[in-house]
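Take a look at this single chain, the form predicted on its own, given in structure tokens.
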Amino acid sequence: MPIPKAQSIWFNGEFVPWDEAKVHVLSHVLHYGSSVFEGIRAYSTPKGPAVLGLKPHVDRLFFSAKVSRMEMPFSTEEIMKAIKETVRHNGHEACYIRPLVFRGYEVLGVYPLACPLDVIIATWEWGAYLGPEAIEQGVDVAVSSWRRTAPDVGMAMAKIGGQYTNSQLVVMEARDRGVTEGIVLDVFGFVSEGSGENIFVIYDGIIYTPPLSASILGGITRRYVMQLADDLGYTVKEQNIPREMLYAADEIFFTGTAAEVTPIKRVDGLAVGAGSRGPITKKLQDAFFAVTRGEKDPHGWLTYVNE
């Protein structure tokens, strides 16, 4: 589905009309994937649009820039303010938010530090990432033949554009196999994550999720769901998950800014539990969406755009 256009994109501190936000074809980022980014959502609430996890997302953006040796030309406070201004400027009640920092046009070569840094913030209206029915019915997935990169090859904790070539291979293979998404194993053969989602496996009433050492992105939604599970009295364990545990699981679900909390109903053609959304997943969804609707936010995860 094409991205629905908004009025403007915030580009290096100024609002530029959507169709005029362009870069040179010889920009470093196009040739070497030298970008860092975030995916953030603003939700419609009775108090107006509210951004979920604004500061943690911006903090991770700056971490990704740090390890990529990008000296940010704006402060965290300026980026957070710009995100809220962009949502307001484009008149959104709810939207997806994409901050992107990338190396632009100056010189071309693998060594990147002579290139200027550009920063943009785009917002647009966007529904359920894996389809509107996925939240209730769940999705079919398959274990991918592709692996996540080894710990000394990439930096999985950073959200770096070039690293997502791996995710593209995973999701293209999944679609070729007739399923919605792939589950990737780490270099040691343990469960890592989806192409762009963290994963949780429920077995015998305990919620398991891979540790940061399994080459996963430390998801903001992952962190929030772990907190909600604790609030509800569930035990959450971060530990290595063998592939066969996917087939023994009572419930499995993905989390992510785009995926939110999405159940998995089949893995490699085998039903997960009853083959539908399970009761623990449903409780966590209810708690998560109560936050995003602005009904209940005990941990202060929402930032209201109009305040």
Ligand code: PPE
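Residue positions are given as counts along the sequence shown, with the first one as 1. Keep in mind that what you see is a predicted model, and the values were worked out from it rather than measured.
Keep in mind the form predicted together with the named molecule is missing from the figure; the text below concerns it.
This chain appears without its partner; in the predicted bound form, the one residue of P210, P99, G138, G194 with a heavy atom within 4.5 Å of the named molecule is G194. A heavy atom within 4.5 Å of the named molecule in the predicted bound form is found for exactly one of I220, L185, V87, V119: I220. Proximity to the named molecule in the predicted bound form, taken as heavy atoms within 4.5 Å, picks out 255 to 263 from the listed stretches 255 to 263, 25 to 33, 273 to 281, 242 to 250. Site residues R60, K159 and N198 are all in contact with the named molecule in the predicted bound form, judged by any heavy atom within 4.5 Å. A residue is said to contact a partner when one of its heavy atoms sits within 4.5 Å of a partner heavy atom; R103 fails this definition for the named molecule in the predicted bound form, lying far away. At the 4.5 Å threshold, heavy atoms of Y164 reach the named molecule in the predicted bound form. Proximity of W126 to the named molecule in the predicted bound form falls within the 4.5 Å heavy atom cutoff.
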